[in-house]
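Coming up are structure 1 and structure 2: the same protein chain in two forms, each one given alone as structure tokens.
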Structure 1
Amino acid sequence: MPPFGDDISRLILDHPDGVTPVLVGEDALVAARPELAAWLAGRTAFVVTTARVWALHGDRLEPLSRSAARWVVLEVEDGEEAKSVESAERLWNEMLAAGGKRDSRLLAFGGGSVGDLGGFAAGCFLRGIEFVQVPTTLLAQVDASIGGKTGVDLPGGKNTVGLFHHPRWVVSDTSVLATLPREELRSGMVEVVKMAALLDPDLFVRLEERMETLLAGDPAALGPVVTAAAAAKIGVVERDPTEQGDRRLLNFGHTLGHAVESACGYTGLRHGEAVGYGILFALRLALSRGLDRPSAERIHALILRLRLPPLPELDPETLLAAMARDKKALESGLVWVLPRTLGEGWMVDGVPSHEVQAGLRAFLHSPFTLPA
């Protein structure tokens, strides 16, 4: 790609299937337009998006539509509801009916759910077509769009059907974040805290210093944070592209978080909010395994500053059953991702089930309290 201005960061993810440039910054879509136009030239282009995102930001893609031979917009449901086998099947049928070919293109234009579904649809259609991630939420820009993980949900668990299919580009235009509600920014910020706590202490300090500004959606303030979080994730993915080792560190807070989402029927709490509760619970396990209290208190305090919505009344047995079905679980049991100290995480197995059960009951009674 050609050089960009100082406000655009260009990161590179090397993976077994090639290279994915990741562009971050205000007007990143404008900066990426020449290369994306060449990629689309003469092809059928499928845009997977939601009605809300298309109404807010569809005009940003309009210049690219002139490069494609055909431009087909495929709208899907908002949120986790889109991530179903039925939604994927509908996309495949619509793409086939529209004359999709092996060299057709797909743009996933929306939040993390759109990216997961769109990438999954692209990876399976005619055994795989190229696609681009254009994430429009903070959560998707810092995490979901990077690393090639795609998938849909089954009734028994989240992301239980999927594949690795890396996008040709990721274009994270931070100017679109200004239209996000504060609740959506909060959800994404939990994922930033997750990565900062285990991978980047300097980013963690930035979050402590500027959290209120970031939650206000200031694109200029968010740009460096999105870049740092994306760089942290790229480093982990390059070391472990198929999640056999270090990449599992990115699941900090997700073991309980996914169970909470499942128990709530994927309604009421956003993904990041459920992960925030997962982080608070994981800190309890980490404290009993050597995490120094000052680090635990700093992570705990930063999550509390996000003002998570109330946790619904949940049955601990239902949560335990959901965790047992988690896609990260091994035959030997659950693997917990825990902070060892600020900036360093580790994976712990062999946590006794009675400890998890007792700890979970206490946590549900008082989720915002860090035990003495």
Structure 2
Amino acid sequence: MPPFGDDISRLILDHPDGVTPVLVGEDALVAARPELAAWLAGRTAFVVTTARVWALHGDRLEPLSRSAARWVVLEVEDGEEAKSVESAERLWNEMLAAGGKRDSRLLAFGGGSVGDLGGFAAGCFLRGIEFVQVPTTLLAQVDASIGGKTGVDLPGGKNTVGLFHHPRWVVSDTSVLATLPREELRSGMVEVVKMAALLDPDLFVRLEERMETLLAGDPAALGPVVTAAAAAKIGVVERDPTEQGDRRLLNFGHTLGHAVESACGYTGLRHGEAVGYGILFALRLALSRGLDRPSAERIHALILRLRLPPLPELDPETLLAAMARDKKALESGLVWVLPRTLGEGWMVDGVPSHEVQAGLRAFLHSPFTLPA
């Protein structure tokens, strides 16, 4: 194993198909170069990315092109647009036309949308080729790149077609976050708060101490936070690789969050911002199920410090219908992920729909207050 500076962490995700090292920190891409170069030696490398990410940070990946036999950059659309069956089909055709073989390599270089599409394309091409995740957004570094879930959207629903295909490595270079728009940083930070609130109270304290520096995109400050959040996600994924149990803890804030995204037609609010509102609402349910008030207030206050954009006017009935359609809903009804105390979460089923309905009305009226 090559030596890394103090600022690079190497985590390991153990999963049913092997192990995935996760390298995190400032200039992690430089530290990972020898391993990636050896992995690429003599192979065709397909780099799936977007025009924006390539223009901003392609030079950080480019040195690896000298190690590969062939270096093929495949640009896809920016954002969620990339996650379509058509984009995947385009990639497969281009890879085939470029002579891709079963031992070709793929590098997914971009945000979560590029990672989900790239992983899916790699997982299906010739029944599966090896790939690495090089996530370039905070959300992708702490969440989307870890755990092997890949996929695309259908017109009828997000992430409706996909498969588990773990990357060979995840390389999360926090230097690239310096160019991330502040709104994207905030969106990813909601997921960090989510993990800290249910899984890592020490990380929660660090967020309380440094939130404004982190939101300014300081790569050195972000390094340990991305590492801790990635470690928290790795812990849950290892306990529950196929999302039957503990992994559902990661859905804290997502029950209402997904409904808000869907009710807004996936425009206006970013995913993390919608989840931020989902967390604020879940805290109300949690308070009436034994969550202590000081913990609720701390989680609430930290979300408020992210300064979420205003919640569009939404009809509670539309939100309830969207929650009922959520693919995470079971035949038996909705399961709410709630904090039991700071650093510990639990799954609660049987929350009566009249309680959710009444709670939602009150919440939509004043989302930023925590009722007495």
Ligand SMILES: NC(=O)c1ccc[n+]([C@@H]2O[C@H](COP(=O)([O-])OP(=O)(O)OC[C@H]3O[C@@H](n4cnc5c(N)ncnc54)[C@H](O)[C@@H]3O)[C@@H](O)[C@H]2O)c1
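On a predicted model such as this, the values are computed, not experimentally measured, just so you know. We call the rigid core the largest set of C-alpha positions that still match within 1.5 Å between the two forms. For residue numbers, the reference is structure 1: its sequence is counted from 1.
TODO: Report the structure number, 1 or 2, for the form predicted alone.
DONE: The form predicted alone is the one given as structure 1; the other form is structure 2.
Open item on the list: Rigid core aligned, does the Cα position of residue 30 differ by 2 Å or more between structure 1 and structure 2?
Closed with: No, its C-alpha moves less than 2 Å.
Open item on the list: Does residue 18 move appreciably between structure 1 and structure 2, meaning a CA displacement of 2 Å or more on the superposed rigid core?
Closed with: Shift at residue 18: below 2 Å after core fit.
- [ ] Could you check whether the CA atom of residue 316 moves 2 Å or more between structure 1 and structure 2, using the rigid core for the fit?
- [x] After core superposition, the displacement of the residue 316 C-alpha between structure 1 and structure 2 reaches the 2 Å mark, so yes.
Open item on the list: Fitting the two forms on their rigid core, what distance in Å separates the Cα positions of residue 353 between structure 1 and structure 2?
Closed with: Its C-alpha shift, to one decimal, is 2.6 Å.
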